[in-house]
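First comes one chain, alone, set out as structure tokens in the form predicted alone.
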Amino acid sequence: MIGSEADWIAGTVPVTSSNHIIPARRTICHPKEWSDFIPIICRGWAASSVTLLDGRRQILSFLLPGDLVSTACLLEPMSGRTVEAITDVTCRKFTRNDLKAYLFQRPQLLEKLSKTWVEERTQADQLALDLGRRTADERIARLILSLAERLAKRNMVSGQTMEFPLRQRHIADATGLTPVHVSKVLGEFQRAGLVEINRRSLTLINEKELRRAADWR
């Protein structure tokens, strides 16, 4: 979890916790579930989302090893989001009151926590911009580059190849597109030699051109 947003919690806080394994496609947190625990992803990928009454879903973020399920969990017993395991997930759960008591007595840890809050807010602002103003190509290219950057901080990229367990429906729900449109764009990226996708991995073949496609500055 080196370099991830919340690895300092899992690695340095001497608060009682418990480990849990959640199979792929199972729910880790329900939006209206009352919980006294704060989960941190230790292994695997998950998706944090909100769902409309008719079943339409917007993925707000993909959770990677070291990520808090939600910083709101530190203050509220309900996250307001559905968190679903994309792969098999191992998470570590801390008791909220114990973790809050420990963190709030240590200003240096609160400063780290504030950076996690800022990062979560920045991601939310970027998502709003992507959905409102960017093209389909830009949205998908930026999603790939953002994941690559986050995985690199965790030492989870080998050369230019990274784990990529996302299906087209995950990408569609994260970018506000349809799976058919996602398939079209990814096909164009591969034919243009920008990326190569093989089952559960993705290789950046021409990162410079992918950044150009993403308007990544």
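One-based numbering along the sequence shown. Since the model is a prediction, treat every value here as computed from it, not as a measurement.
Another form, the form predicted in complex with another copy of the chain, is not on view; read the next lines as being about it.
Asker: Using a 4.5 Å heavy atom cut-off, state whether residue 120 contacts another copy of the chain in the predicted complex.
Answerer: Judged by the heavy-atom cut-off of 4.5 Å, residue 120 is in contact with another copy of the chain in the predicted complex.
Asker: Is residue 88 a contact residue for another copy of the chain in the predicted complex, using a 4.5 Å heavy atom cut-off?
Answerer: It does not: once another copy of the chain is placed as it appears in the predicted complex, residue 88 has no heavy atom within 4.5 Å of it.
Asker: Can you work out whether residue 127 and another copy of the chain are in contact in the predicted complex, taking contact to mean some heavy atom pair no more than 4.5 Å apart?
Answerer: Yes, residue 127 lies within 4.5 Å of another copy of the chain in the predicted complex.
Asker: Any chance residue 57 has a heavy atom within 4.5 Å of another copy of the chain in the predicted complex?
Answerer: Yes, residue 57 is a contact residue.
Asker: Please determine, with the chain shown alone, which of 145 to 153, 187 to 195, 22 to 30, 171 to 179 has non-hydrogen atoms within 4.5 Å of another copy of the chain in the predicted complex.
Answerer: It is the stretch 171 to 179.
Asker: Please state whether every one of the three residues 42, 95 and 102 places a non-hydrogen atom within 4.5 angstroms of another copy of the chain in the predicted complex.
Answerer: Checking in the predicted complex: none of 42, 95 and 102 is within 4.5 Å of another copy of the chain.
Asker: Taking another copy of the chain in the predicted complex, which residues of 59 to 84 have any heavy atom within 4.5 Å of it?
Answerer: Contacting residues: 60, 70, 72, 75, 76, 77, 78, 81.
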